[in-house]
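For reference, the chain that follows is the form predicted on its own, supplied as structure tokens.
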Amino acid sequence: MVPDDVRKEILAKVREFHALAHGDCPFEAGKTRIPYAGRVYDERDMQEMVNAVLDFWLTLGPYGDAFEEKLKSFLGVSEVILVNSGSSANLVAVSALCSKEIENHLRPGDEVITPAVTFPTTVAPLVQNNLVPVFVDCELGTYNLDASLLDEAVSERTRAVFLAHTLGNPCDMDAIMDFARKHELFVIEDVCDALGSRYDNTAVGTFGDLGTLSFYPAHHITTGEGGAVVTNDERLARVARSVRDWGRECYCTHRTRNPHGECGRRFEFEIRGMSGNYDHRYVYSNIGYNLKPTDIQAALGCAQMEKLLKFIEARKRNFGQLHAGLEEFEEFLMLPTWSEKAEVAWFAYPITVREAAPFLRKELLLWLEEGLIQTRLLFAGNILRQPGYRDIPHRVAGRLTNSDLVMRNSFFIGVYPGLREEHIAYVIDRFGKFFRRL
């Protein structure tokens, strides 16, 4: 048994190392890069990860349990299934709805309404499960799925809506959920950009059947790589865990010490067409994968959750300062909009160069980047313009005019908690200098 004081000494050294190697760097305007996003961490994050390493529980374990409980409490859901990325969360969510264990499950050829302005891994699971995405245009300003187009998109094959809350900005969940209930559709919410956002005082990700999260370093909290599926449906949660865990039927956890499993019947299961019994841990009821994160990642997630509310407030503050500073340039720029019912935990600040502007988006982006201000385009833009998605089976409802405009003229800049007032002031000043040159 290793004495506790040895562990305490190691963790004290980690704190000392963090102070020496990872302290804040001074900001120098025009010399310090301003990222669009990034991980924000302290000695507590590093200590928890080292603590997990010392326990050497490499696969998902006790820290995973704790992280799931913290997420349940924060979101107000009954089920959280940790996975190794937000992309995997989307794959698990869609695949769970395709499972034969789910009543009225999705089948190949079924249609799923989804926005054309999107991140690729919102669409990829639909393609991989032989579903047909039905693309609708976005709203300018929110860049979310235009809910007014849903009635035009529905058909006798429509079975689900898969939406994303773009850059943290909640969709019109009143209209979307009314539509889904009317047509008896499943709803998946991609909340990878929107942890902490609320619509009508309800956390996004909890309106539909399933929600998905990402803990990539750019997002609201990070575990390096990582993500989660959330739901209030126990059956969906069990199937989602099965898909995540190789497709196996057994739901025993690492806490189980009973050799007969949590069900008490581990060695009493039968396989159709085979005589005798089979170990339930090796019964596979779904097509699945190994998409689990490690306990080391979950340890970081636990520490990050302690800072999440402060992170959200910093994002809101940075967004507000940027918005106030850029309003004078609305002659040239379309600035973001949001619903009165939305409380937005912003991922980033979206901007669209107006069609009548006397400059191209490229000119403004180069000006910002040369000033060491990172920019990013609005993900894939119109996904159907992307080489890998041009020829997928799909249907388009109406025209994708706004989606094409976004692809030509939109971009975003950062509001993440690592930015301070001096960073934001420099960004606004850099925009001003660009427009004074026109």
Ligand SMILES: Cc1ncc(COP(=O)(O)O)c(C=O)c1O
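All values reported here derive from a predicted model rather than from experimental measurement. Residue numbers here begin at 1 and follow the sequence given.
The same protein has a further form, the form predicted together with this ligand, not shown here; the description that follows concerns it.
Contact with this ligand in the predicted bound form, defined as a heavy atom within 4.5 Å, holds for exactly one of W57, Y389, F379, Y41, namely F379. Only one of N90, S242, N318, N169 comes within 4.5 Å of this ligand in the predicted bound form through a heavy atom, and that residue is N90. With the partner left out here, this ligand still marks one of 302-310, 132-140, 203-211, 218-226 in the predicted bound form; by a 4.5 Å heavy atom cut-off that stretch is 218-226. Residue contact check for C192: one or more of its heavy atoms lie within 4.5 Å of this ligand in the predicted bound form. At least one heavy atom of T122 is located within 4.5 Å of this ligand in the predicted bound form.
Proximity of G86 to this ligand in the predicted bound form falls within the 4.5 Å heavy atom cutoff.
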